[in-house]
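Just the one chain here, the form predicted alone, laid out as structure tokens.
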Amino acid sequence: MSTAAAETVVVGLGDRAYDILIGPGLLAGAGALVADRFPGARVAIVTDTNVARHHLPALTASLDAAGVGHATVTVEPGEKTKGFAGLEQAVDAVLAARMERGDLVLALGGGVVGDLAGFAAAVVRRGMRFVQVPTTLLAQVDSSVGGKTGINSRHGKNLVGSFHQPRLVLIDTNVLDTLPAREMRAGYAEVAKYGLIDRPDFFGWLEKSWRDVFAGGAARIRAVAESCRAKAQIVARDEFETGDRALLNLGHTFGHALEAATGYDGARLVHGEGVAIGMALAHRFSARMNLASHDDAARVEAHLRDVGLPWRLSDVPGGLPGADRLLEFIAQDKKVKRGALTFILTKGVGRAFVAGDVPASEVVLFLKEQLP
């Protein structure tokens, strides 16, 4: 498609502002966009074996047609790649390709590839330019926007990383047609999150239109664009998460703890599924603390259930450790500040807020109630 027909969302960060282009068929125009916006730059593509099979030929053909030089590093898919070994592989490949500081690292893939490639771009030659081409719904609406990059350690998820903003985000909504249904649902959890944070009308629209979002077309573009717009506005206000950018973590403190408790085993639980359960838990916990109504919590659960997402702890295959152990995973999460538990709680649908110093004793009691 013509890039003129794409919807553009601007992440307003002054002289580091960048565009998010959203529309069907944009991958075929990636080469022309790179040549126009970054004249003379070569491209180091970071992707994984699954994405490479579906989308790498279209990207490289586009770069070749535009006369853009490129090299590719292909990593194994899955969360376990997002560690020190995966980072070393990506960094070594970029250096072996003799990429210069003014060249580009381009992430073609989901959140794992985007986080890994972005962190590599942040540290190679003390900072290279970076382009995101997300190929999963989750990455399109969340991890590709905002500049958070990083890897996991044995102590927890995303604990090693940096803020390194991309120069361009290119979202081809057609690439989602190759996405497995489970991954599409997992990404949708992040779409719903934006409605639950501060866009109740958007959440209401999603309750009626989620099937159209999954089917593609105008509804999918609207959902992706609205999600990107919501995140871009928060990032522009609070780039380094010192204030209300923390709202984007709705569902994530519980969710990250569940991912850690399952050993980041994607067969049992993927990130978006953890977030879905985490959002349901956050609403139930808010109701338990008399902050929100039980009806709101039930409404959120009903929507997640309708979409086919997990929404309770018993939905995690293989069981979970006890409440005390889950609390240890929560306490290791980076949303903890000086030992105090920080959660994103809610006063109702679209009324999320940052709750600092949440009593650990209340969390343990709640988890004991929720565990099967």
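Computed from a predicted structure; not experimentally measured. Residue indices: 1-based, along the sequence shown.
Form predicted together with a further copy of the same chain: not shown, discussed below.
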| query | finding |
| --- | --- |
| Contacting member of 160, 71, 298, 291, with respect to a further copy of the same chain in the model of the complex [4.5 Å, heavy atom] | 160 |
| Selected contact from 256, 231, 193, 148, since only one has a non-hydrogen atom within 4.5 angstroms of a further copy of the same chain in the model of the complex | 148 |
| In the model of the complex, residue 153 touching a further copy of the same chain (heavy atom, 4.5 Å) | yes |
| 4.5 Å heavy atom contact, residue 88 to a further copy of the same chain in the model of the complex | yes |
| Residue 126 within 4.5 Å of a further copy of the same chain in the model of the complex, heavy atoms | yes |
| 4.5 Å heavy atom contact, residue 122 to a further copy of the same chain in the model of the complex | yes |
| Non-hydrogen atom within 4.5 Å of a further copy of the same chain in the model of the complex for each of 84, 92 and 95 | yes |
| Segment assignment from 198-206, 267-275, 162-170, 131-139: heavy atom within 4.5 Å of a further copy of the same chain in the model of the complex | 162-170 |
